[in-house]
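Shown here is one chain on its own, the form predicted on its own, set out as structure tokens.
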């Protein structure tokens, strides 16, 4: 009976996260349009796009792996959600988190990217190899400063449990990792910019350079799956950073506010800075953010 109740709350949490992701996507695009002196889309436009794509069946076949790519991508996003504690102090909203869940979540983050790489490789498009090489190379560079930041806070809190890390940050802003370990926070937030794929790290899609990618290669239900994953993944990754560096959340209102602010950080930087070339983004990620991550670990050891 307890397991059934737990699964019910997990599904309800997934429903809330999905809807908040869709609404946040509409709000963010509205803000970007207003800053560009445009009217922009309706806030509920992501819902219309999702319904439209799920109602369309694909008539083109590129092989099984090509269409398993979006499924793997969605599995990665849902996998992160399943083991992510959402509300501190609530057993019902802790999902299936356990001691050491931070390591498993890091693996799930890479799982979706690998699935998309395998799917794109079977598409047969001559530019697919370019997108795969860019995506995997940059994502590896993104993971390095994040991994250093995770090692730093694991040493600081002596745990790899997200719930325990959040618990250690309770009692006020002065206890947040942002204050107690600013170097790890800076390294991770730079990594977050790359993970979200906005400028200056939008080298994979490169909309001004290569007019292809999932929105044109995938269509119908498969594009709907990718849109569903995007809505879930952006929120749940923001929740991960919120838990690790910004004190977590004790109720849904705080979670919604903090996840929006964390995600908007990447949008704000994307609006201010132009896109890197691929030969600029990867070396940049391997220099300053990695150095900051090493300093974060060194200060704790010293």
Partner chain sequence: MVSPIYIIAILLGMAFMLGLLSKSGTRIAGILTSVSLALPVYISISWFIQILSGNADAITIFTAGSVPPFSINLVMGLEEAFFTSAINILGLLGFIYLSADLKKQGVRAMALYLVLIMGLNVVVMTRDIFNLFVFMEIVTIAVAGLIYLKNDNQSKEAGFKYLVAVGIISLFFLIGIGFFYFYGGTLNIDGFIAANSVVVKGATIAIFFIIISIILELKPFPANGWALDVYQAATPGVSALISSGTATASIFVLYKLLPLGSEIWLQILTVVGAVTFLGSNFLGISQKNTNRLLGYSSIGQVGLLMMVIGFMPQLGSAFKMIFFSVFISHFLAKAGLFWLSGIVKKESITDWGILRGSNIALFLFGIFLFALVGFPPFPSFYGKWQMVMELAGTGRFIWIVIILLGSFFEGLYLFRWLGYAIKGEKSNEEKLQIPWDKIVPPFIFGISLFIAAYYANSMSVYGNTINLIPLVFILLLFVIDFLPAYIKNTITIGAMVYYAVNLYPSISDDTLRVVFAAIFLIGGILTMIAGYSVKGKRKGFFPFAVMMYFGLIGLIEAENLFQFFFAWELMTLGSYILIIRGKFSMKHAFNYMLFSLGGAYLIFLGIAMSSFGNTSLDIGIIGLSTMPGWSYTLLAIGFLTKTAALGLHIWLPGAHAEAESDVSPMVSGILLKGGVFGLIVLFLAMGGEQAASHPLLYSLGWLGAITALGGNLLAVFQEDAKRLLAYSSVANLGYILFALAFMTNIGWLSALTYSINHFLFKTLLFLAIGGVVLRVKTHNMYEMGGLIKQMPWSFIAVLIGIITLAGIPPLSGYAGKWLFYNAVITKGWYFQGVLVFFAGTIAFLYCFKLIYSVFLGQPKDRFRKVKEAPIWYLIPQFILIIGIMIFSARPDLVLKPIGALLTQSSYFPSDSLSWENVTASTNLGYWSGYKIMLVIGVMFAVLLVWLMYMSRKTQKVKQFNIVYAGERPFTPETTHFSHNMFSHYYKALGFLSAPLATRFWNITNDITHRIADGSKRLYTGNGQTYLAVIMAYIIIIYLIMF
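Predicted model, so just to flag it, every value in this text is computed and none were measured. Positions refer to the first chain, counted from 1.
There is also a form predicted in complex with its partner chain; it is not shown, and the following applies to it.
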| query | finding |
| --- | --- |
| Segment that reaches its partner chain in the predicted complex - one of 219-227, 194-202, 181-189, 167-175, heavy atoms within 4.5 Å | 219-227 |
| Non-hydrogen atom within 4.5 Å of its partner chain in the predicted complex for each of 237, 250 and 272 | no |
| Its partner chain contact at residue 89 in the predicted complex, heavy atom, 4.5 Å | no |
| is_contact(residue 261, its partner chain) in the predicted complex, heavy atom dist at most 4.5 Å | no |
| Residue 83, heavy atom within 4.5 angstroms of its partner chain in the predicted complex | yes |
| Its partner chain contact at residue 67 in the predicted complex, heavy atom, 4.5 Å | yes |
| In the predicted complex: members of 147-180 within 4.5 Å of its partner chain, any heavy atom | 147, 148, 150, 151, 154, 155, 158, 159, 160, 161 |
| Closer or farther: C-alpha pair residue 148/residue 100 in the predicted complex, relative to this form, given a change of 3 Å or more | farther |
| Cα-Cα shift for residue 99 and residue 74, closer or farther in the predicted complex, minimum 3 Å | closer |
